[in-house]
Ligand SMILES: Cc1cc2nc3c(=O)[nH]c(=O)nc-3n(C[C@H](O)[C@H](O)[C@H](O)COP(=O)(O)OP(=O)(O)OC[C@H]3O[C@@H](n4cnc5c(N)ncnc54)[C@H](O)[C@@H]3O)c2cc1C
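What follows is one chain in structure tokens, specifically the form predicted alone.
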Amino acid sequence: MFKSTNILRSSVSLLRQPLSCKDVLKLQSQWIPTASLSATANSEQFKSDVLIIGGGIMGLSTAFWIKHSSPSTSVTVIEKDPKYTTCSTTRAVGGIRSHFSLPENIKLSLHSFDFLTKINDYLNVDPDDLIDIALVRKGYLYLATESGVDTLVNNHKIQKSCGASVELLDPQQLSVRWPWLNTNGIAAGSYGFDKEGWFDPHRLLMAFRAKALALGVKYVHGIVTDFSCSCETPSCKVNGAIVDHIKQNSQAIYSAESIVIAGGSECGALSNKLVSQNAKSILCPVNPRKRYVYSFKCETLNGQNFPMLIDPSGVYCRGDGDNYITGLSPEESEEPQTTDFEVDYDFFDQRIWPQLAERVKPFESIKVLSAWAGYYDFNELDENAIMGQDPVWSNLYWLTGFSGHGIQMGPAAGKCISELILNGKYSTVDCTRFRFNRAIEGEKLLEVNII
């Protein structure tokens, strides 16, 4: 499935170095074109006002908000994995934070947090069975060495200007609040004392799906194999998607006035199908990146009162009930293949545990309980969201590329893209700078606080 992804990775070093416009166009010329697939003459045809490809957090949030805002608008969602066994959403850590450097990301997370605290007002379908997403209200604690203090302070100013509840702490204050913390080499910290925490991603996703179905969204188990497109002056249009129904062993054409691609880490592969039909179409630079999450137990330090700790090394760790979970984004040379969900336990032993033991002395003696892997929808351009209308296909919209922070922004991002589809403009958060066109223009939005 990801043969083209391997070409993209081998063509240029991507370690936190965003691609230039020239790089994107060069890589596009190397992309292996997908053979155009035609629906058979007897294929069923279905039509709706909005077609959403991808039933993860982004797709279902979009579907919900469209029906919530415009009940008469018909919406269809195509999802290949209705049990969500390999879905990025359900394999996410489930954190939510206002600790970002871009105002758009801060505002999206703040709006999503407000949504989560009022989730039953929006998504409940049974008054006798209230939704519980296991929301834990604990802050993120970002630590900085002397070289990172200026960045921490500058980010703090931006966060405060957007309404975030964050505070700066010196080493002494850090030690008083968290006595187990080793502050050697630490010059400052930033803590979110409100509107941050974590929750159960699967419960949130199921709540969105249940409500979307209750509102009349059509949910289809299928795989998009190609697109039906046309180009007439002055614009080109995606007329519909050709979908293989998995259980029925049949094929159908799903057409719509507006189409949203919210396929997560597979958006690059989906855009390849469009590129093969129109040379002017631009490759979506979003592909899978594998990330590991490890669960461990510490006998001498309970995880109940532990914040989401972000070490200067990039290692993160938070409490998970009495235990903990931790992870780290690998260096470019360490990037694992995206062919399976196997976990590399040596990565924990060699790259994560030494940092944990240095920062938190009780972690010198811990026991790994379990681990899992999932895929980031990684934006190779700048590790930030791609949202908005496609520059070539006039009725096509993208919602992808959040590169690891999509689960926390899903409720707000879905609302924003629904506003763009229904009203032609953003209202909740202005996400114009996330437009697809920046892949052409070389306009990169660099988020400093990537985990």
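Remember, predicted model here, so these are calculated numbers, not experimental data. In this text, residue numbers run from 1 along the sequence as written.
The next section is about a form of this same protein that is not shown, the form predicted together with the ligand.
Figure note: of the listed segments 402-410, 65-73, 422-430, 379-387, the one touching the ligand in the predicted complex, with heavy atoms no more than 4.5 Å away, is 402-410. Not displayed here, the ligand is kept clear of E167 by more than 4.5 Å at the level of heavy atoms in the predicted complex. For the chain shown alone, G55 is a contact residue for the ligand in the predicted complex, at least one non-hydrogen atom being within 4.5 angstroms. Using a 4.5 angstroms limit between non-hydrogen atoms, A207 is distant from the ligand in the predicted complex.
When the ligand is considered in the predicted complex, F347 lies well away from it, no heavy atom lying within 4.5 Å. Proximity to the ligand in the predicted complex, taken as a non-hydrogen atom within 4.5 angstroms, holds for one residue of Q159, N287, S258, S88, which is S88. Only one of Y324, Y375, F113, Y191 comes within 4.5 Å of the ligand in the predicted complex through a heavy atom, and that residue is Y375.
Within 4.5 Å of the ligand in the predicted complex, a heavy atom is found for all three of I78, G264 and R291.
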